[in-house]
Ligand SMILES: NC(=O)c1ccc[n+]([C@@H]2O[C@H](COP(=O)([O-])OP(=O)(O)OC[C@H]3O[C@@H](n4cnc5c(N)ncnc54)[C@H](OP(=O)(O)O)[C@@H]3O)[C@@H](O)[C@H]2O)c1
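Quick heads-up: it's one chain on its own, the form predicted on its own, in structure tokens.
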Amino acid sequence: MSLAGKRFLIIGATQGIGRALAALVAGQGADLIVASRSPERVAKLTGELAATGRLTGKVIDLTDPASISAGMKAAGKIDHLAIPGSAVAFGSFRELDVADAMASMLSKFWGPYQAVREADFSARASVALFSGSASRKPIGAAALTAINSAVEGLGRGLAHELAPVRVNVICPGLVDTEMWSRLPNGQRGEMMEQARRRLPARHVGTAREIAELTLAVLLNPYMTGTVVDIDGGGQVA
């Protein structure tokens, strides 16, 4: 279960869960490739992690098929692939523009679909896709529920078709990341505190906690075809 000498690609590595995963993997002897759609963020992250070992930055935009093709070709033989990054619009069924819903599906489903399809995997490689707890417990955003459910179905299908390459899906609940920075500080803090009181774990997840679980799933040779929930007990709240 060592990372030494393994090529590890993270698409969506410059924020949130992806950034936490990159920090966790860096320095463990892996040939780490960090990718996102923002050249500036990729450059910043590679500069911050440069002293930890073998590290490469790539620009991969999950909404751009040409960018995905070029990035996956440049990545070479992959041992571990994690795709936590996506751009998803939130909104109720009647309020969310159809074009925004379609763009969200492109980023979170079709982008990872193409990335996995074009990856050059080693014989015992592993993949972590990411859905979200709206697949289990709708929150008034039908498109998000559908997209997350589609990702989970894709993970199960790929685990069957790509074997012995292992494919699992991480399904986080509420995680306190930069995604919520668009909210005023007071509103964000109130939302997190309300969630903390509601959840059986009495705790809101952090990017680091999701990253630790993701790495454990990627490295466990007996896990494939699973959807792993990490939501503080949100499904039973």
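Throughout, we count residues from 1 along the sequence that is shown. No experiment lies behind these values; they were computed from the predicted model shown.
FYI, the form predicted together with the named molecule isn't displayed, but the following is about it.
Inset, instruction - Find out whether any non-hydrogen atom of Ala70 is located within 4.5 angstroms of the named molecule in the model of the complex, and reply yes or no. - result: Flag for Ala70 set to no.
Inset, instruction - Please check if Thr145 has a heavy atom lying within 4.5 Å of any heavy atom of the named molecule in the model of the complex. - result: Because no heavy atom of Thr145 falls inside 4.5 Å of the named molecule in the model of the complex, the answer is no.
Legend entry - Heavy atom of Ser38 within 4.5 Å of the named molecule in the model of the complex: Taking the distances in the model of the complex, the answer for Ser38 is yes, it comes within 4.5 Å of the named molecule.
Inset, instruction - Give a yes or no for Lys108: in the model of the complex, does one of its heavy atoms lie within 4.5 Å of a heavy atom belonging to the named molecule? - result: Yes, Lys108 sits close enough to the named molecule in the model of the complex that at least one of its heavy atoms falls within 4.5 Å.
Inset, instruction - Kindly indicate whether Ala30, Asp79 and Ala211 are, all three, within 4.5 angstroms of the named molecule in the model of the complex, using heavy atoms. - result: No, because Ala30, Asp79 and Ala211 lack any heavy atom that approaches the named molecule to within 4.5 Å in the model of the complex.
Inset, instruction - Choose one stretch from 156 to 164, 80 to 88, 119 to 127, 93 to 101: the one whose residues place a heavy atom within 4.5 angstroms of the named molecule in the model of the complex. - result: Stretch with heavy atoms near the partner: 80 to 88.
Legend entry - Among the candidates Leu218, Val25, Ile17, Leu9, the residue which, in the model of the complex, approaches the named molecule to within 4.5 Å (heavy atoms): Here the answer is residue option Ile17.
Legend entry - Sequence-ordered residues of 39 to 74 touching the named molecule in the model of the complex, heavy atom within 4.5 Å: Read in sequence order, the residues that approach the named molecule (within 4.5 Å, in the model of the complex) are Arg41, Ile60, Asp61, Leu62, Thr63.
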